[in-house]
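Shown next as structure tokens: one chain only, the form predicted alone.
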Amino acid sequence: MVKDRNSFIFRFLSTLFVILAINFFLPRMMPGDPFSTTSADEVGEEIIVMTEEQRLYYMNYYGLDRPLYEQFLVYMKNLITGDLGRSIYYKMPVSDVIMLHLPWTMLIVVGAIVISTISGVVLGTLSAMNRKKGSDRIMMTGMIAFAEIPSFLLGLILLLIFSAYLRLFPLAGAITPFANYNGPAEQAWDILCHAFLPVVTLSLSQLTGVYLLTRNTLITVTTKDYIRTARAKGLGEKTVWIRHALRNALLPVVTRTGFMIGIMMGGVVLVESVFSYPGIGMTLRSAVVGRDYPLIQGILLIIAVSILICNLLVDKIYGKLDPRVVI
């Protein structure tokens, strides 16, 4: 038991070190540097071109003129003390920038995971219960065709229909600027209206995967001996499907939910760009455009650590659903 625990800790720390190394070197592999050109994302904003003297001054100020191994050692030393560095673009600590934008992303990602998982399980169960019937064929064909639409294109379609044409939801942002709310309920409603289309876009982009996994797993599970035994005992069909088949079919769905977080954190960059949603995805995009190394490192680190933690939680939940699995 101790050996297994030590092996797990070693693998976790090794994975974390590799992530930190990639996190540090990847931004520096991009052409240019933060001070070759400082430009804004929005149209009409001024583009500032630094002189060579100014560029060298700022390179020295931020320590970017040192050898890479020295920069990496400083980076690791600062991480140990909890210092993520100072954003070059925002001129403030990286941790403060992340805390300003991360809650908006967590709102739409968590909402999308909950909606896509519940909807996928329900639709997959209905499809498996009606296997080989017309409704199953229509649903599966539609889901597979729907999965081929990229998330950013899906977001544009929803934005054009529900915001530009029908005007049911806001076009951009996460909250109405300079709005005077009569109370917390009105403010919460405004936030939910802005988040609705990004959540739906992310949910629909992952729905097919959960649906197919649930359907195929249920079809396999219903061929097992314990399902035949449950039916032989005289249990109702609905009880057999929900209490026996679905409980075991949820195991791979739980595992997929953990991986879904990483997939969504990658897709959220495009979705937030479509809706101009001020989350971590838009912030990462600005950081990449501006070659803001500390901010890129901080955002990628938060995403990577979040995925690692979620995978650990998934393992724990998996063990609760299936006591035969020893975590």
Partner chain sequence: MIKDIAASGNAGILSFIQALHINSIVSSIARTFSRFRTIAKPFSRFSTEGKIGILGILCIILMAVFAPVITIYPPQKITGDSLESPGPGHILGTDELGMDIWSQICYGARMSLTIGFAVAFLSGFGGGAVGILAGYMGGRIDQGLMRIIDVTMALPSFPLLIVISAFLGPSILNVIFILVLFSWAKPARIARSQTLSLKQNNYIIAARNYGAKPFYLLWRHIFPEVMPVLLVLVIGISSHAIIAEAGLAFLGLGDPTSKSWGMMLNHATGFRSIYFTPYWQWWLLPPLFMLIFLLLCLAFISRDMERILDPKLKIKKGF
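This is a predicted model, so every value here is computed, not measured. For clarity, a rigid core is taken as the largest C-alpha set superposing within 1.5 Å between two forms. Numbering follows the first chain given and starts at 1.
Separately, the form predicted in complex with its partner chain exists; it is not shown, and the next lines address it.
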If you check in the predicted bound form, is P150 within 4.5 Å of its partner chain, heavy atoms only? yes
Is it the case that I9, even though its partner is missing from this view, gets within 4.5 Å of its partner chain in the predicted bound form, heavy atoms only? no
Closest heavy atom of T141 to its partner chain in the predicted bound form, within 4.5 Å or not? yes
Indicate whether I309 is a 4.5 Å heavy atom neighbour of its partner chain in the predicted bound form. no
Within 4.5 Å of its partner chain in the predicted bound form, do L126, V210 and L218 each have at least one heavy atom? no
Heavy atom contact within 4.5 Å of its partner chain in the predicted bound form, the stretch among 184-192, 81-89, 197-205, 155-163: 155-163
Within 4.5 Å of its partner chain in the predicted bound form: residues from 287-306 (heavy atom criterion): V288, I296, L300, I303, A304
Has the Cα of D292 moved 2 Å or more between this form and the one not shown, judged after a core fit? yes
